[in-house]
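Here are two versions of the same chain, shown separately as structure tokens and labelled structure 1 and structure 2.
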Structure 1
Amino acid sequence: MLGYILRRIVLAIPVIIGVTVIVFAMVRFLPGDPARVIAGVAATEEEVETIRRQLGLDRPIWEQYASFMWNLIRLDLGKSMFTGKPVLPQLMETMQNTFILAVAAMAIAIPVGIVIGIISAINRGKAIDQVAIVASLFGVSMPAFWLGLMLILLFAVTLRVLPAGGIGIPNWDPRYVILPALTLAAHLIGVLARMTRSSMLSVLGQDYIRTARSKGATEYTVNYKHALRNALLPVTTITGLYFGYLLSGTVLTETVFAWPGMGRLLVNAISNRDYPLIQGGVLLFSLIFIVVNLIVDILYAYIDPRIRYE
């Protein structure tokens, strides 16, 4: 198992290097001049050139990339072009907020979605299966901004039991997490329910399931000890990818609920052509997905020993 994990880590290194190249080039190809944005429309060309020189944008591209990589090795992502503050602390602060929201959404979605999928598969064709299919379709289809506004209207405006938005600073209140977490969880609940149902039905039709039943195994043993574990591989993939998506910032949900997370920070950085902040944010997103995929691969090997042996 250790050798398998080490191989996956080694394979991730060239991916990270490739990501740094793509991120650096992508930011440089964005339309607009950050020096002009900082200086303002009334600035002269001399003033714009001075700012460009101060930011190091007048140097050759290869020299800028070498400087970027050297600073990255030292965990120095530079300073924001607009606030003048170091990029890494800003990313960590907003990342903490997004992490809280993502974990809360996953804590709701994973058990609810998987349970709905299992119940739906076991009761295929029955009324409860039809209800579960409609409910999961609702969760998948509803746009986050619409569902968020409906939850605010119901729980914050009409019932007045939960806050409409914000994060509860300075005295953090867990009630502020509930509505945005439910908004994010709704889509994943629908996806997991449909995926679990489909995977369970596929496994329940296998020969070894019929063999287990013919040997007198109870339905509980067949469904939960034999079928469920083998049905979890595609569910694990979806869960891991979706968690990476949540950690990379959910702009619409954070905007609706005024949640100061990674998505809003990066959108503002793109609007301002803030190169260091964009580079740091996208690089952090990429690293998150690489780590999440590594964890999913390890879970694969744990769930299915055949992968580890290969």
Structure 2
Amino acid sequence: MLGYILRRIVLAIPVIIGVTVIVFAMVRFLPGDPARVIAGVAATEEEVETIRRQLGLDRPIWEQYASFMWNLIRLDLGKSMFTGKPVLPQLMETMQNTFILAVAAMAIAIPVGIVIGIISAINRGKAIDQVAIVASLFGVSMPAFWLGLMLILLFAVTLRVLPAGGIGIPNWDPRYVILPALTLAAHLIGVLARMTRSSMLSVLGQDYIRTARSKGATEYTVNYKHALRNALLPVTTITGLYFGYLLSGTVLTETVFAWPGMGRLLVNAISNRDYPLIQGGVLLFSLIFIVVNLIVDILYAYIDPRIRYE
């Protein structure tokens, strides 16, 4: 097990380095003169030069990368070009809001998605199965930004029962998280329902289930004691791996609901061409993704020992 964990961590290192290379290259590959692009069309020649020197764009490329990495190791992500404030504290501040949203979405999606999948599988071919199949496909196909707006229209504008946006700080109010969390959860609900259904159906077709039936186990015992446990194994992995996608989904959902998280910060940074902030945000998103995947892999190997010897 320890060997497996070490191997996974070692394999993650080149990926992390690759991610830093891409994030580093982003600014250097801006079309034309990067310093000019960052400074904007209205900037004077001196301003462009200042930015060039600030970002070290006048130095050889390997030297730029070396200092970029050295700053990263010291957790110095530079300063926002827009506000002049250091990037890292801004990211940290918004990160917790993003986590709250992502965790709330997971808390909705996991039980709902799995229950829909189970009901669907057990009633295979019946009307309720058809409804569940269509509903989960709706979830998968729904543009989150549109679903969010429609939820705002219904619950905030028409019914006036929930707030249309914001986070409800300083008096932390849970009503603010409901609509964004639902919006973010819709896609995962669809994915989980479809996964659970097909996984459950393939397990129900196996020999040991027939054995359980033939020895007189009740339908309930077969479905929940024998089938469900094994059917949920692949679903667990997908759920874990999905966390990263959920995080990237916050980019859209947070923008819809003016939720002060990392996703919205990143979008604003892109609109403002605030490159240090863009780089920091992208880097943090993918680092979280890599770490979460690593943890899921390790947990999965712990649950299912066959994985370790792959």
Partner chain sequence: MKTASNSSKDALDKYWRREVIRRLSKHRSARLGVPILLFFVIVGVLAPFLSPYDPIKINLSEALRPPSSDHILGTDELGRDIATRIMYGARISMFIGFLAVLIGLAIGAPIGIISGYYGGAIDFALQRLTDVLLAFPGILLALVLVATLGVGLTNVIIAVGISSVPVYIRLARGQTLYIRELSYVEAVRALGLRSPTILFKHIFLNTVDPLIVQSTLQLGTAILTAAGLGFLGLGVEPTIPEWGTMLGTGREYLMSSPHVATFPGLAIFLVVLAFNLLGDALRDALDPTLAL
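Sequence positions of structure 1, starting at 1, serve as the residue numbers. If you're wondering where the values come from, they're calculated on a predicted model, not measured in any experiment. Here, rigid core means the biggest group of C-alpha atoms that superpose within 1.5 Å across both forms.
As for origin, structure 1 is the form predicted on its own and structure 2 is not. Core-superposed comparison between structure 1 and structure 2: the CA of Thr236 exceeds or equals a 2 Å shift.
Residue displacement note: Gln90 has its CA displaced by under 2 Å between structure 1 and structure 2 (rigid core superposed). Annotation: Cα of Gly125 displaced by less than 2 Å between structure 1 and structure 2, core superposition. Taking the rigid core as reference, the CA displacement of Gly56 between structure 1 and structure 2 comes to 3.0 Å.
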